[in-house]
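In structure tokens, one chain follows: the form predicted alone.
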């Protein structure tokens, strides 16, 4: 580590990976419940398992983003973190609140949980992805504001770079747009309209800035390419991300009772959303090809390249498949949506957090730059197992979604939802198998940090 206070990132990363394992465990439970409806019922009903699965995803990614910022910002600012104590305090508050919320989902009926947390005084519960009790949401805001204050003060007293600026804008946007979680209009159209201000403007707006900044940081460190070159790419990519992502929110407004012009705005700008992801892919491979050194942490370089490719495929290609209004009319809410969501989240945000952990954890554990060759080989195996598994999960869900769309909505003789589910069950079984392989890959990833610890770290000669 360059700065001692970067060590506060380590507990954030450890908890992030632990929650990631929990998320995938509940994902495999959900996969089985799709084909064995009473699996673990009534102990863990489907709606509860789904809440835990999606909430763990959000919480562990937030832990990952915070850990990445606490590692990245001191190095970019060339100064120690403003308050390591505040960072650790917020870590414990966030961890305890997150664990208690998940336990609440699992141990208490949701309606009872709402009563216990006095949701009637300030109702915010019940919306997909935002099921957290109001008191938990308030805690998230406190943690986010303390976090922004900490890294903001660090930036003010140190060097300002494009990477840290873009990251700060993204993290600030994350906190600001979460405030719409507290606005719950009685009108259902308004409710869904503003609900997307959290969900869409996070994942297809400000989170892309966070992703771009972290990717740029890792590429600067691992390739030795001039910072000015990488920063120019970063500015272009985030500009395209914001232009397409903000107005592209309209692709969620097609059929919820909003004006018809959203079908045009949503279709046009959503069709352009793959562009920044394609640019990110070219950017990553271009920087690695132009590298001035071969960094010893080749696992981190592999994760960085994989992030760019999988984000383009998941968020870009699979997003485009069903984003145009005439297509979305038939595919809306089918398994095609689930296919897009799985690969997009994995490619864009799961992989960028794993990239940062892969790059920084060796230094946080006392290494100079990288883990041993043995450890990196195991980690690269985990990369391929998880990534190939996610590709198959996406393909199986896409197959199910295409058949579902045709049999349930497009044909002249549509059949009922549950009949369709029976007919596409083979795809759910295949998806479950791929999900188990993904879990194995994640276990291999965790194991890679405990393998080869006694061996010397990998070293390579600088490129000519």
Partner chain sequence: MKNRNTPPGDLAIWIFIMAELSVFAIFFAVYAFTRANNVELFNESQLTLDRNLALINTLTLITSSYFVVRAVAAIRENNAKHCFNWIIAALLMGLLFLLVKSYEYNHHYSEGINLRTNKFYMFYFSLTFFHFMHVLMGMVILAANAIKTRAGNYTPENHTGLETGASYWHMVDMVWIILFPLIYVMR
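Positions refer to the first chain, counted from 1. Treat the numbers as computed from the prediction; the structure is a model and nothing was measured.
This protein has a second form, the form predicted in complex with its partner chain, left out of what is shown; the following refers to that one.
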Is residue 260 near its partner chain? Define near as a heavy atom within 4.5 Å, in the model of the complex.
yes
Partner proximity in the model of the complex: residue 264 to its partner chain, non-hydrogen atom cutoff 4.5 Å:
yes
4.5 angstroms heavy atom contact with its partner chain in the model of the complex for residue 227
no
Hey, in the model of the complex, is residue 239 touching its partner chain, heavy atoms inside 4.5 Å?
yes
Considering its partner chain in the model of the complex, find the one stretch among 269-277, 368-376, 83-91, 100-108 with heavy atoms no farther than 4.5 Å from it.
269-277
Listed residue (290, 232, 221, 293) with a non-hydrogen atom within 4.5 angstroms of its partner chain in the model of the complex
232
Just to be sure I understand the contacts: of 317, 145, 309, 243, which is the one whose heavy atoms reach within 4.5 angstroms of its partner chain in the model of the complex?
243
